[in-house]
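Read the single chain below, which is given as structure tokens and is the form predicted on its own.
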């Protein structure tokens, strides 16, 4: 899956369509390579190494102290000045509230102090997202789209000093920003991007034309980041598509908000269609260099994705509170419904998943704060796992509350009951499985990263474009690697720290041995499927799910261990131990199901049948009898 025909370690793209090949090559050229070995990445290779994550990096006291004044005031504002149900009903966030959050510094949480921001850590930012997620998804989206993927984060990572001094103080003070990538025909396929920027005759300006869809915050934004196609670059005698990131002031002539988009949930989302007609931009508006826009986007999203699962922690804790209260007081069949096994199972899953999501996010946030960590896999796992766990939580909450879950908060209040907004929470949370990388895209992304070590070792063996000699040399080299690597996957290697809390050891022992089974499973899939493996999306998805569950178990056990050793006052020791035991048991069940379905599934039958559904001449009966 590399980008050039003469690079060892590639996957054969000769049988792909031109569009598939171009999309793959563009994405591959933007991948950040790092010598850092992440814990999550090692799991797929059968390595269980806690070097980077044990002891669990709890937030240092100094960092807690640095963020507490802001977080305390933010919590107070959210508690006393935010009416989430009214925001939902009006479809608008009050200007006074936006101004209040700006004065608080909520638009510049991670922007360095020298540029007018609060200069807080990723961990404090995640704690702020948790507070926001517990109250209102619209506010979460406003602040997240602004500083996780909007102007602040790309400029922090890729901006010139001049760009930082010009724009960061503005956005830190509350000038709203946005990120424009998606188009009508372009979601996760950058090769199809139609928005273009062409250099002007003077060589110092670019002319931007095109239209962007679903640009969150665009209706309120003063400046946005826009991704556009720029002239191809010739690499090894062949043209390669280029994407470049531009800073665009929304008051620039030719920039137009075409319409505001409205959605099932997040009804106060300031999301719109933005059109660019002969927009003249100076060369100094390019972020990260010409042709590096996709790298800017992907790198920004690596950290930006963490905001969603961080907000999901607060959201899930809110769901757990509503569910626990109702399960303890609602009596049916002579006892509180929480004592019925069907409800108790939902409560146990919700509580365990909430703690696990918190552990994963806090661990990955701490890795971000170390500056040199590569958190691509961990962040993607947090986003995938946390958003799906949050959806499970609100679905369970809806079921537990029954008709009172389906009824709106306003209707409940009108009848004299407590206005619990489960209906609104369900509408607002569904998008978490879609934006900033849908669950399907996250699984494909993680699968590509899981395969990367193997592609570097054996990719050239599968590449039909290489000469027979090169493929033979690659096969010999790969054979040497696998002759040493594969037998080790059958050895009972431990790696569980001796000073770990005893109740947490079984969880990590399970992860250690299951990671080796995971690595064997992935290797067997490669041998069996060869170059066709990349098209076995459901198979790869199950492998990714297993790796993600193993990361979740590890984070949960290590987090509990650290809290127990610190003498945490918000959790009793027995509570933490029971959370680890319960979550590990639940996760092991899911892993067992995924492993079983690797061998016994109906993927082929489903796919074959689905193709007949796409044929308009087939299955007419399934379209009959409806209006």
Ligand SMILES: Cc1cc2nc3c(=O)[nH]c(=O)nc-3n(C[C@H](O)[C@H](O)[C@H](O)COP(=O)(O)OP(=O)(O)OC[C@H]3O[C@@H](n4cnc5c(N)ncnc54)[C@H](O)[C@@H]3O)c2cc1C
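Residue numbers count along the first chain shown, from 1. None of these values were measured; they are calculated from a predicted model.
If you look for the form predicted in complex with this ligand, you will not find it shown, but the lines that follow are about it.
Of the residues 503, 447, 431, 366, just one reaches this ligand in the model of the complex with a heavy atom at 4.5 Å or closer; this is 431.
With the partner omitted from this view, the residue of 282, 86, 182, 399 that lies near this ligand in the model of the complex is 182 [heavy atom within 4.5 Å]. Using a 4.5 angstroms limit between non-hydrogen atoms, residue 435 touches this ligand in the model of the complex. Under a 4.5 angstroms non-hydrogen atom cutoff, this ligand in the model of the complex lacks residue 526 among its neighbouring residues.
Although the partner is absent from this view, residue 440 contacts this ligand in the model of the complex, with a non-hydrogen atom inside 4.5 angstroms. Shown alone here, residue 216 lies within 4.5 Å of this ligand in the model of the complex, counting heavy atoms only. Of the candidate stretches 243-251, 269-277, 119-127, 310-318, only 269-277 contains residues with a heavy atom within 4.5 Å of this ligand in the model of the complex. For the marked spot (187, 263 and 537), a heavy atom within 4.5 Å of this ligand in the model of the complex is present in each of the three residues.
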